[in-house]
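Quick heads-up: it's one chain on its own, the form predicted on its own, in structure tokens.
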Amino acid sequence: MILSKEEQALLNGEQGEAPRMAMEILSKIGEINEAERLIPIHSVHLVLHAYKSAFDAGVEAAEKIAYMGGKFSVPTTIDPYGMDAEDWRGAKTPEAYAVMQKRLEDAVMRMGVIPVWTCTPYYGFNMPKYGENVAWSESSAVAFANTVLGARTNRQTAIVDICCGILGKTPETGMHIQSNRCGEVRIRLEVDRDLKSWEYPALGYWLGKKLGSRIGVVEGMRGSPSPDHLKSLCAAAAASGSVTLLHIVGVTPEARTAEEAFGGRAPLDACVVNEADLLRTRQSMCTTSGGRAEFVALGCPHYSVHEIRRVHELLNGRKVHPQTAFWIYANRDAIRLIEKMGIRQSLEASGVVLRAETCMIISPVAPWGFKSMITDSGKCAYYGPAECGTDIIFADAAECVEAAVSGLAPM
């Protein structure tokens, strides 16, 4: 890579140990990926956020960088907290786990992180503009930033994202280069109506399996999907595959037409997805069905105010079954808003628990002994069995609510 005089000085340690280490790591990452230079970025979103995934080594690495004097030079937000930020004891979080989570929090706070603790930073905290270069790590947020916002980011990894935040730079490679953002696979969506809410994560799950890391161009989507729908689609695609960018013709900013999405190139592959495919995908996302509804979990990625309000409308004052746990995960700001609206109080009176700044995937769930989980999240359906140790029933949000009220899981 070609380094500027300033960058070479950083590599020589002239600005301190933390910038030197960050420069060494990013220059090596750049060389491996054949980048010619580092480019400035507007923001970072960190994935070194939860003790469940960081373990002792991640906590110690974050502390080492903080004590080196590492400071973020661009706005840097962070993924969900590793336990319920309001009531970790009530969530049965082991004491030793909580100690390590707080050590991790202290380390990133010393570096100057913006403590939003959410996987949806684009909901008001960190929303890049079209064409801006950023360095994000959270898989669903990366897919959303590239696909829905038209920002430019690769799928960064822990520690590398911290280095990007310290320097305010990232190697110019991958999704930062226009020619790498062109569509590769044509997908024809043959559903002659607006998609149902559950079909967005199911479509994302199908796309992830089909595409892997390739860039798909989806044609035939009707209506105007909401940001929440696109969030669910991107999250599932990034989980079941390693999708960082999708083009949805007529919906996403780099796909006003199919020709624009492909950048004048011919597709490398083509396929069709229809209603039957989505139904089969939904079935494949479940590892069990029926029986007692033990645990209903919504909010992966974090639920928005609109989604929480929808659950409130669906409940309509009814009570959650006494033998069912019904949890909604959201960032603290969304929770504050619904509290001001009186919705939180009503939900809690019905038996719903709001879990703040965390989620079922990255916080301890095993202590509860749940055998199965019902969710409307394609991302959770993919990671849940391994991360939570439960069987999964994927369902529409309305079906999740009915299961929570009746105490019976969908068949």
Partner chain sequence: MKIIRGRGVIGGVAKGEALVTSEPFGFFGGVNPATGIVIDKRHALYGQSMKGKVFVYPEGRGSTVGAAIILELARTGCAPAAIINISIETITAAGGLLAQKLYGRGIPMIDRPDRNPIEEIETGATVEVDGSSGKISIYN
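Residue numbers count along the first chain shown, from 1. Just so you know, these numbers come straight off a predicted model, no measurement behind them.
Another form exists, predicted in complex with its partner chain; not displayed. Remarks below refer to it.
- The candidate spot formed by 304, 331 and 399 lies out of contact with its partner chain in the predicted complex, as no residue has a heavy atom within 4.5 Å of it.
- Among heavy atoms of residue 25, some come within 4.5 Å of its partner chain in the predicted complex.
- Shown alone here, residue 159 lies within 4.5 Å of its partner chain in the predicted complex, counting heavy atoms only.
- Looking at residue 56, you'd find a heavy atom of it within 4.5 angstroms of its partner chain in the predicted complex.
- Taking non-hydrogen atoms only, residue 326 never approaches its partner chain to within 4.5 angstroms in the predicted complex.
- Contact annotation: its partner chain lies within 4.5 Å of heavy atoms from the stretch 282 to 290 in the predicted complex, the single such stretch among 186 to 194, 101 to 109, 282 to 290, 218 to 226.
- Taking a 4.5 Å heavy atom cutoff to its partner chain in the predicted complex, the contact residue among 295, 144, 205, 117 is 205.
- This chain is displayed alone, yet in the predicted complex one of 61, 366, 39, 353 has a heavy atom within 4.5 Å of its partner chain; that residue is 61.
- Along 110 to 149, a non-hydrogen atom within 4.5 Å of its partner chain in the predicted complex is carried by 137, 138, 139, in order along the sequence.
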